[in-house]
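Okay, so here's just one chain, in structure tokens, the form predicted on its own.
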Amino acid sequence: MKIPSSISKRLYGMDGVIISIVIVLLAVGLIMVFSATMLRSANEYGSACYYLKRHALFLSFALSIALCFALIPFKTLPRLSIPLILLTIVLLALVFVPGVGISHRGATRWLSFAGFCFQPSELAKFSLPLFLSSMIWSQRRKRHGSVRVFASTLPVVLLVLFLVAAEPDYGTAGLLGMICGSIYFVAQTKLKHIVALGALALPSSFCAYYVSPHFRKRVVDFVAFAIDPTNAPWHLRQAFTAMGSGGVFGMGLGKGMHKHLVLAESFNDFAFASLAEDGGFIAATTVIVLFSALVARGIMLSLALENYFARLLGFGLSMSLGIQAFMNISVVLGLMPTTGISLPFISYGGSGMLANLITAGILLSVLRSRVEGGNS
């Protein structure tokens, strides 16, 4: 079957470096998931590949959706911003409907669909940057100032952040806030408005501290660890032990036993520790370098684009992937409190994988504007 010439041009116009980095990270993720779940999978399901097969299924579906987004002409993206942000808000609201939202460990963050659990807050990682970039671009074309930009975008941004924080999911709410702040900054919004937005985080954090015992415990544990490293929380101690046992070259695929026996979330939130146990300092450093290269190239190419909307969106999507990776790795290394943010392209999970690959797909569409051209 012959591929239409328009699609062929879009495929050839995609950035090969970003595609290559994402493919390598996905391959690392497949290896990590198999290594971290083989014993658990064999004990629970009689097959060492159960979780690997599910992860591969998630990945195949997510790749097909991401490819569709990557092939969308970037000029079409602004028209998708409103429908996608409305869909995100509706799904986030449905989480709180009794009998619809699924609760787990004191949080209600999931919806069930066709036997799979889906986390609506993951959609906001690309729909919110798309909406914000589109609205700022629209206001700029109308020659409206910084105040008008804030007035037209901040209510939606705060609504999404509130719905995510109310689940509660303070880590993702903080992530989304940082993504939006970075887009406002690149859009040359007045500094006092950005500072005002950041100031909203202070009362929100205090409120979360007093309302949520779980959040309060994480903060208290982290402060205690910062004052005295011997007071590291149990999960963090296990992560340190797993990474330390890996040494320079690692213990080998599946040979590190710490992740099988005591390390919680070894194939999700603490996937980086599992990776370091099996692949050692070399593998851990390689992953950090790959993420750094991915984000740096995305930002560099985005800021060089002539189209203003593409420039904002490309930067926001690059920051979305970069901040997620930074937060996850920082938690594992004890540089910040536990957030529940997974490691993009590597951690096990369907909704997270889908959201991150769609983010990468939209980024590829945006960067293709270099060859497609467009008005600023």
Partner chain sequence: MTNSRRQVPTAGEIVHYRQPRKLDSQAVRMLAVLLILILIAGVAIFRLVCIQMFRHGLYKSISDSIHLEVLDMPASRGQILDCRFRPLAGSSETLSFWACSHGLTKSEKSLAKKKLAGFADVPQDKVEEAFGERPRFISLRRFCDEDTALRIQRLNVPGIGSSVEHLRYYTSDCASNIIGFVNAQGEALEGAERYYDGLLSGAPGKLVVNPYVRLQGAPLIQEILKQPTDGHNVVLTIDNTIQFILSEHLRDACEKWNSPLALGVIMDPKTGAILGMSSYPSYSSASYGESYKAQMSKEEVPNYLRDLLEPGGLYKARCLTDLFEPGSLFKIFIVAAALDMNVIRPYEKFFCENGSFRVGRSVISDWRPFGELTVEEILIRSSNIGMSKIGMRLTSTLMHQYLMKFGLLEKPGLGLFAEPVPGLRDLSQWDQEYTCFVSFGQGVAISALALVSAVSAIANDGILMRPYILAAVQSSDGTIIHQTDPTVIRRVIKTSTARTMTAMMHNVVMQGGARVASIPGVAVCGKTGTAQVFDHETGTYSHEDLITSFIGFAPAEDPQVAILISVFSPKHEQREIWGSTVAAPIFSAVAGHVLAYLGSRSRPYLNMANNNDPAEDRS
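The shown structure was predicted, so the numbers you read here are calculated from the model rather than taken from an experiment. Positions refer to the first chain, counted from 1.
Another form exists, predicted together with its partner chain; not displayed. Remarks below refer to it.
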- Item | Contact stretch among 71-79, 199-207, 125-133, 160-168 - heavy atom within 4.5 Å of its partner chain in the predicted complex | 71-79
- Among the candidate residues Met251, Ile89, Leu111, Leu154, which is the single one with a non-hydrogen atom no more than 4.5 Å from its partner chain in the predicted complex? Met251
- Note which of Phe150, Phe215, Phe118, Phe240 lies within 4.5 Å of its partner chain in the predicted complex, where distance is taken over heavy atoms; exactly one does. Phe240
- Using a 4.5 Å heavy atom cut-off, state whether Phe272 contacts its partner chain in the predicted complex. yes
- Contact between Leu67 and its partner chain in the predicted complex at 4.5 Å, heavy atoms? no
- Query: With a 4.5 Å heavy atom cut-off, would you call Phe96 a contact of its partner chain in the predicted complex?
  - Reply: no
- Query: Do Phe315 and its partner chain come within 4.5 Å of each other in the predicted complex, heavy atoms counted?
  - Reply: yes
- Check each residue of 241-276 against its partner chain in the predicted complex and list those with a heavy atom within 4.5 Å, in sequence order. Thr241, Met243, Gly244, Ser245, Gly246, Gly247, Val248, Met251, Gly254, Lys255, Met257, His258, His260, Leu261, Val262, Phe272, Ala276
